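As structure tokens, one chain now follows by itself in the form predicted alone.
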Amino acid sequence: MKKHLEKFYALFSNDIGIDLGTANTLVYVKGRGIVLNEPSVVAINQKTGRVVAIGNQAKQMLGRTPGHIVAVRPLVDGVISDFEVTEEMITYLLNSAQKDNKKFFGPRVVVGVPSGITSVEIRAVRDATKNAGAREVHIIEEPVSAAIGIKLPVMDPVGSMIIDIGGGTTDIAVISLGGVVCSKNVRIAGDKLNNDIISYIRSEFKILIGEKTAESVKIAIGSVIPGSVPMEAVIKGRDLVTGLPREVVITDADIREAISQSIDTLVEAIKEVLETTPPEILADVMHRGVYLTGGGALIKGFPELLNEYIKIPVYVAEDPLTAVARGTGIVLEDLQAFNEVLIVNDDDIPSAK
């Protein structure tokens, strides 16, 4: 009976995977691939309480809104900080993903979340997705989903190590036989590096810059080891002494100094996970290497720096930004086969309400 029901639902509902990230949210629709990649930002009119814009439109408003409109990120460190706003954002994403192919029943959704989040946080994600119109919700840890997305043999009795460096958190996980053997979740990722750059430029150059400027500089000239050719960029901000606009030229050496402490902490966290990995699995990791996914995998020189520290080959996954979303898509293709890797099944947990 259940199989017949599943076939019936498959005809009249969509299967959707969501990589619910602090910085960006990606949406995968079964049969179509990744259809949306939007910043996790929502603009709200505080006078009326209504949502003004979501995603790219809202991100353009960051730091540029009048007093009564605020652009907020409803996810902090990979978990929901504002339930209602997150619900609005997920509703928008689900509707946008299905606008050309809306079906009779609500979609079946697989959502990627950081490893090590609490059962309360899991329930918040599940309830927000249900309230946004999902018929069925399954939760998967992001490093596991990323490993599936880059075709690592997560269901085999062989150890695989993956480091997913996102916007709010970095997930470090060793996976074998469909489960996480050991892992660590650290709050050092893209946003922390942006804040490091803002603080450094404020203290060294006495200039105040915004988050978007810091991020664009990080992407343009950020690196963790010196390159063969020095790089520089012009940044504009407010002079903290005069209060007037000023621009300065900063180099890749400045960015390295700004983010060095956070990078050192991240490398130490990776070493800690390796130290707690069982020796047989560690032998597999040494043979197969460590895989980097997420936006942080694109920091220039990071794979080489990490390789120098841990003495294990380090590889950047192909298209690291979409690895988690692609993983949710593969899970949706055969939920039964990947049932073991899901944190929580829709029917296993009572509603928070």
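Counting begins at 1, following the sequence as shown. Keep in mind it's a predicted model, so treat the numbers as computed, not measured.
Missing here is the form predicted together with a small molecule; even so, the following discussion is about that form.
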Legend entry - Residue stretch of 43 to 51, 28 to 36, 288 to 296, 308 to 316 approaching the small molecule in the model of the complex, non-hydrogen atom distance within 4.5 Å: 288 to 296
Legend entry - Exercise: Gly167 in contact with the small molecule in the model of the complex, heavy atom 4.5 Å: yes
Legend entry - the small molecule contact at Gly17 in the model of the complex, heavy atom, 4.5 Å: no
Inset, instruction - Although the small molecule is absent from this view, report whether Ala23 comes within 4.5 Å of it in the model of the complex, heavy atoms only. - result: yes
Inset, instruction - Evaluate Glu87 for contact with the small molecule in the model of the complex, applying a 4.5 angstroms cut-off between non-hydrogen atoms, and reply yes or no. - result: no
Legend entry - One residue of Ile219, Ala233, Ala253, Val181 in contact with the small molecule, assessed in the model of the complex (non-hydrogen atom, 4.5 angstroms): Ile219
Legend entry - Sole residue of Gly159, Gly106, Pro74, Gly190 within 4.5 Å of the small molecule in the model of the complex, by heavy atom: Gly190
